[in-house]
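What follows is one chain in C-alpha cells, specifically the form predicted alone.
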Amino acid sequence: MFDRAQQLANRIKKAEQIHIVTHIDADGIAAGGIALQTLERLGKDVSIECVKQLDEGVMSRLLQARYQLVWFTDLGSSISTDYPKLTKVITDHHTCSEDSDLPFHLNPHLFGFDGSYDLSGAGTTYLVARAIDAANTDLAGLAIVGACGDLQDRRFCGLRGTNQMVVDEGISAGVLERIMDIRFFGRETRPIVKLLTYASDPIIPGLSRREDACTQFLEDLGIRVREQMEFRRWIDLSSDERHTVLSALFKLLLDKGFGAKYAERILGETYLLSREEPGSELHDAKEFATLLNSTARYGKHDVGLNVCLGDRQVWLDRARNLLRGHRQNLVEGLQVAHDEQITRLNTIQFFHAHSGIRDTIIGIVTNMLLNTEEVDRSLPLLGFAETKEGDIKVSARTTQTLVNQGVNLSAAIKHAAQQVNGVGGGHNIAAGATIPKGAEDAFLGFMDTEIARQLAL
C-alpha cells in the first residue's frame, strides 16, 4: 500500500496543473485540505471542488476541462476503471472492484484492509502526502479528523490499523494527542447535561434524550451543572468529578443488565489536535469533523477548507455560524424522522422524509435515529430524502452486530440501485445511493431480498 502511495506521489510531482475533486462530508473536506496543502507546498497550480457524487454531469465537465491531472479524494473508486482519457489519481476508501487495482488508484480494500475502520479517505490521501514529502506528517491531524468524521473509531472505541500509525506520526509531529476519556460527543463544547442528553453510543437508558433526568442524575452525584452563570462542560470537571460520573454511568448500565462489554463503550480513545485551543470546536477531532460537516453539506466547502488550511479568524467565525445552523437542522431533521412512520419489511426498515430533510444530511439523521431507544436495531435502517435535482437520496445504516452476521450494505445498496438505474456504494456498515424518484418501492424490494440473501434467510 505504501508502494502504491509512492506511485501516486510520483505522478503528482510530475504534473504542474492539478484539479482536486473531493466529497462533501467531513472526511472529504479533510482529505481535500490535505491534498490542497500538499500541492501548494509543492508550488503547483491547484484548484479544488466538492461534489456529492461522480455522476455523468460531473465527469463530462471534468473531461471537457482538460486538466493535466485530476486528484480524486474520498471518492473516485467507482470510476477508477472508466474514463481512460481522464488523467487521474484516486485516494479513496470505499469498497471497490478487484479489477480497479491500477497504478493510479490507492484504496485500502485493494491491499486487504477494511476501509470502514482501517483508513479513511483523508487517511489514504495523507499516505500520498507523506510519500511526497516526509514533512507533511504535520497533516496527520486532518487525517484523524477525517477518520473520526467517518466514525472509524466506533467499532473498537478507538482507531485501529493504519489509522493508529497515522495517530503515532501525528503525535511525533506534535500535532496530535491520544487520551482515554468519555466517548460521548461534545466533551469540549457541550454543557455536561447536553452531553448526556444526546448520548447515543452507548445509549444510556433513562438518560438519553431526557434532559431533566440528566440534570437530576448529575445533581444526585453532587456535580454542579453551572459555575456561577456558565454551564459546565466535561472538560471543566475535575478528575474526581469525571471519575464519579463515569462510575455512576457504568453502574447504571450494569444494574440494568446491559453487561460489561456494552458499558465499556462509554470510555475510549479520544484524539486532540495539540495546536488548537482547548475548549474550542477544533481541539477534539470529533468536534472538528462536525464543524467541517456543517460547511460543505450546505454548499460552503470553501469555509471548511480554509479552516483546514489554518484560518482561525474570519473563516472560523463563518464555520461557527454554519455549525449553529447545522445543529438546528439535525434537531429538526431528527424530529421529522421521528414523525415519519418507520415501515418494516422482512429484513430492513425505512422512513421517507421527502423534502423534510436535506439530502446532504439524511445519512447523519438516519445514523442518529438508529442510535435511539425508539428504533429496532436488529434491522438495517434506510432513510429517503428528495434531492434538489429531483432524484431520491438513500442512506442506509446498520450495526456492527449485523455486519458480523454477514450484512454488507455497500454490496446490497449497489446491487439494488443498479436494478432501478441508480448508483450506490459505501461501506458494509454505512452506504448510500441515488435513485430515480418513483423507484423507491422497487428499490426496497431488491434491497430486502439482497439483505435476506446475505443473512441466508
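Since the model is a prediction, treat every value here as computed from it, not as a measurement. Residue numbers here begin at 1 and follow the sequence given.
Another form exists, predicted in complex with cytidine-5'-monophosphate; not displayed. Remarks below refer to it.
Undergrad: Where does cytidine-5'-monophosphate sit in the model of the complex: which of 301-309, 339-347, 90-98, 237-245, heavy atoms within 4.5 Å?
TA: Within 4.5 Å of the partner lies stretch 90-98.
Undergrad: Using a 4.5 Å heavy atom cut-off, which residue among Q53, Q37, Q419, N408 comes into contact with cytidine-5'-monophosphate in the model of the complex?
TA: Only one listed residue qualifies here, and that residue is Q53.
Undergrad: Scan M59, L69, V423, I48 and let me know which has any heavy atom within 4.5 Å of cytidine-5'-monophosphate in the model of the complex.
TA: Contact residue from the list: V423.
Undergrad: Would D27, S395 and A430 all count as contacting cytidine-5'-monophosphate in the model of the complex, using a 4.5 Å heavy atom cut-off?
TA: Heavy-atom distance to cytidine-5'-monophosphate in the model of the complex: all three under 4.5 Å.
Undergrad: Do D284 and cytidine-5'-monophosphate come within 4.5 Å of each other in the model of the complex, heavy atoms counted?
TA: Heavy-atom contact with cytidine-5'-monophosphate at 4.5 Å: absent for D284.
Undergrad: Taking cytidine-5'-monophosphate as it sits in the model of the complex, is N367 near enough to touch it, meaning that at least one heavy atom pair lies within 4.5 angstroms?
TA: Output for N367 is yes: heavy atoms within 4.5 Å of cytidine-5'-monophosphate.
Undergrad: Counting only non-hydrogen atoms and a 4.5 angstroms cut-off, does R154 reach cytidine-5'-monophosphate in the model of the complex?
TA: Flag for R154 set to yes.
Undergrad: Classify T449 as contacting or not contacting cytidine-5'-monophosphate in the model of the complex by the rule of any non-hydrogen atom within 4.5 angstroms, answering yes or no.
TA: Flag for T449 set to no.
Undergrad: Looking at cytidine-5'-monophosphate in the model of the complex, which residues in 98-127 have at least one heavy atom within 4.5 Å of it?
TA: Counting only heavy atoms within 4.5 Å of cytidine-5'-monophosphate in the model of the complex, the single contacting residue of 98-127 is S116.
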